[in-house]
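Below sits a lone chain in structure tokens, taken as the form predicted alone.
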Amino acid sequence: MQRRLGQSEITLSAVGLGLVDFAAGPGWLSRALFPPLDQPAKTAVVAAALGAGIDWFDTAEMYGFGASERALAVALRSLDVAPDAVTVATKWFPLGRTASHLGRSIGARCRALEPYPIGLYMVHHPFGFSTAIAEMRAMASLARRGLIHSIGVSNFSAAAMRRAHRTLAALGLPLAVNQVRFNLLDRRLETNGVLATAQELGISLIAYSPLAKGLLSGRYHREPALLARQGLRRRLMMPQNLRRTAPLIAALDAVAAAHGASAAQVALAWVLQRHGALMLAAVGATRPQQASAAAAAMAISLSAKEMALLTERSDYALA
């Protein structure tokens, strides 16, 4: 399943591999936030993703201050992956910075990912010291210099998306994507104008956390004690109302049984089908099997009845 990235010329697999779990580095906080994966484990996950048909990787400067980017590059080099065979998406961290930092820091991003070019460069969130207009102008400069291939944003509101799009359009460039949280337990983009604006302007959406930090797999409903053993970051970010979400998990299990799939795969398939070709998803993995399973979700075709059932159970969980 291939999908075009907004109005750019880039076409990607509908599922990409999200690499926040590759961010572990030295220090107690890093160990508390991220799983302790060594480089061979990371390379094995990347190899599984590639073998299953995933052709893009989503990382960021703030994922271990470049640790995730470097780990990805090491993995791809060790697997003899050609620079033009995959697309790397990464993000600039704007907190406490102005748009001028984009030009000053791009060299560090390119060195971390060498020799793999930046196919998609995103502003990670809208909380910098510069406006979206200034940031998009700086991004456009990077694109004109051939340092990045397409431009995106992450966590931008509908109004901020529109400003970014308008700024780039005046410079002859498209805003390719807005990366936002979206899953069966977080559908705010459907009501806050982000989805409608993306549809109007032809901007792709990349869903992050499409499995609600693993809650939609059903494993925590089957074994609630597992929640206490998760890392700090996952516990803080995961919705944990197990009783309220139980009917949704039951529906996911039933649909999964009909497809010979897992609940997580069905939850991901729902994300990919809910708004058609507009939506892609970045899925994290700490084991090769998880990467392969995420890619396999692209082959699941849910019926209209199954989509309606899952959406109805989602409505109940979110009410």
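Residue numbers here begin at 1 and follow the sequence given. Note that this is a predicted model, so its numbers are computed, not measured.
Below, we refer to the form predicted together with a small molecule, which is not included among the displayed structures.
Judged against the small molecule in the predicted complex with a 4.5 angstroms heavy atom cut-off, the residues 39, 105 and 111 are out of contact without exception. Annotated contact segment (heavy atom within 4.5 Å of the small molecule in the predicted complex): 283-291, selected among 270-278, 283-291, 43-51, 247-255. Proximity of residue 150 to the small molecule in the predicted complex: non-hydrogen atoms within 4.5 Å are absent; the residue sits far from the partner. Put simply, residue 214 is close to the small molecule in the predicted complex: some heavy atom of it is within 4.5 Å. Proximity of residue 101 to the small molecule in the predicted complex: non-hydrogen atoms within 4.5 Å are absent; the residue sits far from the partner. Among residues of the shown chain, residue 188 is not one whose heavy atoms approach the small molecule to within 4.5 Å in the predicted complex.
Contact with the small molecule in the predicted complex, judged by any heavy atom within 4.5 Å, is made by just one of 20, 296, 309, 14: 20.
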